[in-house]
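Shown next as structure tokens: one chain only, the form predicted alone.
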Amino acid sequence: MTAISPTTSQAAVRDASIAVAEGRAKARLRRRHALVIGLRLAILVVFLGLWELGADHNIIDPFFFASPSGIWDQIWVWVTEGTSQGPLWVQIYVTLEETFLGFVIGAVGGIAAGIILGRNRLLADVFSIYIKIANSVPRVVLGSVFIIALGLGMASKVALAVVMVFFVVFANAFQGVREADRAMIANAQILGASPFQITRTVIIPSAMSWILASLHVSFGFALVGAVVGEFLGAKQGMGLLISTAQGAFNANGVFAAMIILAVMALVVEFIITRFENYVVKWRPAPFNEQGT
């Protein structure tokens, strides 16, 4: 029979203690997650309950500020009977299509421009003044220009969404490139890496956190651009639904459309978060996710 050495015994005890500590940490995270979900639901229930009570007792005028029950009834009517512009899912699809096209085009353009100008100081100095001028123009105002130039179709909404997204992503990509680790760049140059290889293997991974952070914000801007464009003039979409409800003084319809848009944004935000976690698996967990 082979005797167990003290070293092996100590290693087994250490492994067991580590496993116990990990189990306790995971249990704490599960309890904290359940607590967060419970508090969120409690706040939502209290808020909706107070809102409904205020509307029932005329503390809040439901004609102007709607009521949860009225909003739910409006959504149910739209789902079962459709809207004045057609089925509800068509309005959602049109707005999502415009939003995604604007988001993708604006994000790709912003990332490309941010990397190029971030890597070339001369181009950055030359174009900086024009970028500042373009960024200072209220983007929402451009919606009227795009509708005049591109008509009431999808193109004008996509163009406005692109403009809304581009500058947000560009600023983050540019700053992420500028803050890349200079020591790593120097080491890559010493090893004979070409400028393209440095950009691909050092600069872009370094700026990835900046870029992904901008995507969370920029999708919301893309949605705003599409909805505002539809509000200014469109044939279909959630923005037109809001405009129609506003024209009919239907507060329940306005709030119902806002809630649908919020749900759409939350779903896409969840997808972007999952994509971010997949792309940057190497990144350490945030401080509050490490059991503290």
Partner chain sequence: DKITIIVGGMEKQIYLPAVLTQQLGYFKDQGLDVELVNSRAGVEAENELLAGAVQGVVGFYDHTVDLQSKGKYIQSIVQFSQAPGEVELVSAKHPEIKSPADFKGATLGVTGLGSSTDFLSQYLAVRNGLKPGDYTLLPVGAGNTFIAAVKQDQIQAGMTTEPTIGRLLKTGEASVLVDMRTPEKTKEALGGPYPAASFYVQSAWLEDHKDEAQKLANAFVMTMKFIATHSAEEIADKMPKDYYAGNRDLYVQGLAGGKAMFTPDGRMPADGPPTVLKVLSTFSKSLQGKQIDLSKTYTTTFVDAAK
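We call the rigid core whatever largest set of C-alpha positions still superposes within 1.5 Å between the two forms. Numbering follows the first chain given and starts at 1. As the structure is a computational prediction, the values presented were derived from the model and not from experiment.
From this point on, the text means the form predicted together with the partner chain, which you will not see here.
- Among residues of the shown chain, Ile147 is one whose heavy atoms approach the partner chain to within 4.5 Å in the model of the complex.
- Contact check for Asp61: a non-hydrogen atom falls within 4.5 Å of the partner chain in the model of the complex.
- Put simply, Ala256 is far from the partner chain in the model of the complex: not one heavy atom of it is within 4.5 Å.
- Among heavy atoms of Gly109, none comes within 4.5 Å of the partner chain in the model of the complex.
- Of the candidates Leu152, Ile75, Ile105, Ile116, Leu152 is the one whose heavy atoms come within 4.5 Å of the partner chain in the model of the complex; the others do not.
- Taking the partner chain as it sits in the model of the complex, the stretch 238-255 comes within 4.5 angstroms of it through a non-hydrogen atom at Leu240, Thr244, Gln246, Gly247, Ala248, Phe249.
- Met258 shows a C-alpha shift below 2 Å between the shown form and the other one [criterion: core-superposed Cα displacement of 2 Å].
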